[in-house]
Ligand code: GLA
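Take a look at this single chain in structure tokens; it is the form predicted on its own.
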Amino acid sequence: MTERASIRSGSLWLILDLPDQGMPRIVAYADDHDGKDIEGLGLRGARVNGMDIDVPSAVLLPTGGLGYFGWPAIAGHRDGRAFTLSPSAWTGASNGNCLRLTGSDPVARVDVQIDIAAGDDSLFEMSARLTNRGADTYTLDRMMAGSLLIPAGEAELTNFTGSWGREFQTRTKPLAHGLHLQESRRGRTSHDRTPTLFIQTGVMVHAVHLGWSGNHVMAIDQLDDGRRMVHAGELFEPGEMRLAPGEHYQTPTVTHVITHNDLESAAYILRRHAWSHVVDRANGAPRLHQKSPRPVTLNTWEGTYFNHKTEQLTAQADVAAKLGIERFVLDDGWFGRRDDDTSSLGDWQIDRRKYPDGLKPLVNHVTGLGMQFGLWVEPEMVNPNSDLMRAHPDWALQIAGRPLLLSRNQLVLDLTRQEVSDYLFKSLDSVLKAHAITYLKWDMNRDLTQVGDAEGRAATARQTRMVYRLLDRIRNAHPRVEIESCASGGGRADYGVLERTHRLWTSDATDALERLDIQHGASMVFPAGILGAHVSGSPNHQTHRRHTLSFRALVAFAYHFGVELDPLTLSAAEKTELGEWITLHKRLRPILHNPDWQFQLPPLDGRYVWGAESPEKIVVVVAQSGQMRNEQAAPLMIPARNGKSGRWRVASVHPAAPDTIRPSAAQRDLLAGQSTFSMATLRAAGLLIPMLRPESGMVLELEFIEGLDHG
């Protein structure tokens, strides 16, 4: 008799059959009402795929060669033999919110383990392990982390593309019939193929995110009956995953969300999960993101570049402290003989030309002002023009007989060599031990090429795992040090790296107009409190656009707020204005950074809306990119998940005089707090706010007054 297993997240059950032979079959995703009748749920014995035996296609991690003709989620062999896989003797064991399925294939001589963890709000995490039980090597060509079944019928796919400075560009299109395949071979999450998919089928939305920072593959395969299987996992190079007897392969974790609402509802669940269960969970160290407010940050890059002068930096720190900034981060240029990006990566010793007394005087000055001190590093990379590379030319990833390929004047260090990883740990550990540093901006400025180890074998998978291990070593040795994941901006942004870090640098593009799309896309996956967003100079260093300080500030305002300019160049009026934005952010960040309260609306006619809603205060950021096509702005509605029923009003507007177009008397009264409205109005009818001029915006503080909500 087929054994049945189930696991519940929120009100949603995932119900599985554990067959005598083959992979576990997905019976249904059922709500609480249907899930109670687990034994009676689902039909058995249907003939599929034209076979004369039952070959179910809706299974976890389907395999090929035995009657299933779809895209196999697992594929492997023993030197071309034992190339099929059909485990038996499946068992299911529940432990709290986790379900573990184990099966064994005596022909292929492998064991398979599938772990499913139930999160909140109809969210499941899935991972898998394959162990070689044979006496010879088993080559694993493909193994997905998990599978998701979605209904038949028309569907829309939303995913993210982009490039450097244009990350998280949201794209939605009809999901075509057949196989949809997304593969990334850049050796990091990538700017152009973020491992996240949203699929909308009728009234249901399915979200899939792969928590992995290396090569990945995401496949959507249409089954014979019209339903679709979604698979996500690591992408292997040829011969990369060879398991010796007794060895195993452990997949990354894939996160699935299933909701009956809209894309924003699925994004809301992902954001809450990332904040509560993903950030920094790999280390067992203090979860600093939850224990303290996210510090307002000054990063020195765009204000200083490589031109480090101690007296200028201490003066910047003085102004920063007066502005209310809480963390001072010294960016690239403090080590080796680093006067530009062509030298010294790998030489993690303080540049005594720039810092004759070392970094301690600057660090002590910053901390003496009451700010935290942070430091930029790029441990995984090396310049050919460096003492390290001259001493150890074999330490770079390379393939014998192939020319070394530079990118950003850099090569990549081979972290699969233990001596390389040990060197990097000792270098960083030495700097951290000697200074009161509580933050590392960890950068990665190029894609991986020639990823061959000392034996000439493909090594992308091991390289990624060794990066994780190095991050873990640093965090375990220095549990109070927070780490930001930066990779030419958002090139390494996923739940895998987030398990070891506390902040993501969303993009190297600090232009406020560009940031509207970038931050909107990133917020589909990540909570605002970990997405770095800085007020930069005008004209902008990347695009040369000019924007008002208020527009630059309000676009960055709701995220992990910071400053990316030389504060010494600000006028007295600009310092006052920026200080006011910093003060406002600090006052409101307990609301803005609570992922249970965050929301964002789809962009409409160039208008972007996002914010957070507590029971008695709602903060709404409204930004206008280009000129509206319509004569009037559409009513402003928000999800209204948490606000109290009763009367509300606009308590404050920032800036005090937003750049509006032809506001009516009623609209002026609304912004002045003269009009009240109900929570039902916010949810269903909306507020008629004025149109904004292009490249301007406003922050609205709505406050609860009292009374019952009569609509």
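No experiment lies behind these values; they were computed from the predicted model shown. Numbering starts at 1 and follows the sequence shown.
The protein also exists as the form predicted together with alpha-D-galactopyranose; that form is not presented, and the subsequent description refers to it.
Taking the partner from elsewhere, every residue among Asp331, Ser488 and Asp508 has a non-hydrogen atom within 4.5 angstroms of alpha-D-galactopyranose in the model of the complex. When alpha-D-galactopyranose is considered in the model of the complex, only one residue from Asp105, Glu613, Asp443, Asp280 comes within 4.5 Å through any heavy atom, namely Asp443.
The contact with alpha-D-galactopyranose in the model of the complex, taken as any heavy atom within 4.5 Å, belongs to Trp376 out of Phe168, Trp395, Trp376, Trp90.
Only one segment in the set 261 to 269, 244 to 252, 147 to 155, 488 to 496 has residues whose heavy atoms sit within 4.5 Å of alpha-D-galactopyranose in the model of the complex; it is 488 to 496. In the model of the complex, alpha-D-galactopyranose sits within 4.5 Å of a heavy atom of Trp301. Looking at Arg227, you'd find every heavy atom of it more than 4.5 angstroms from alpha-D-galactopyranose in the model of the complex. Among residues of the shown chain, Arg462 is not one whose heavy atoms approach alpha-D-galactopyranose to within 4.5 Å in the model of the complex. Shown alone here, Arg408 lies within 4.5 Å of alpha-D-galactopyranose in the model of the complex, counting heavy atoms only. Heavy atoms closer than or equal to 4.5 Å to alpha-D-galactopyranose in the model of the complex belong, across 532 to 554, to no residue whatsoever.
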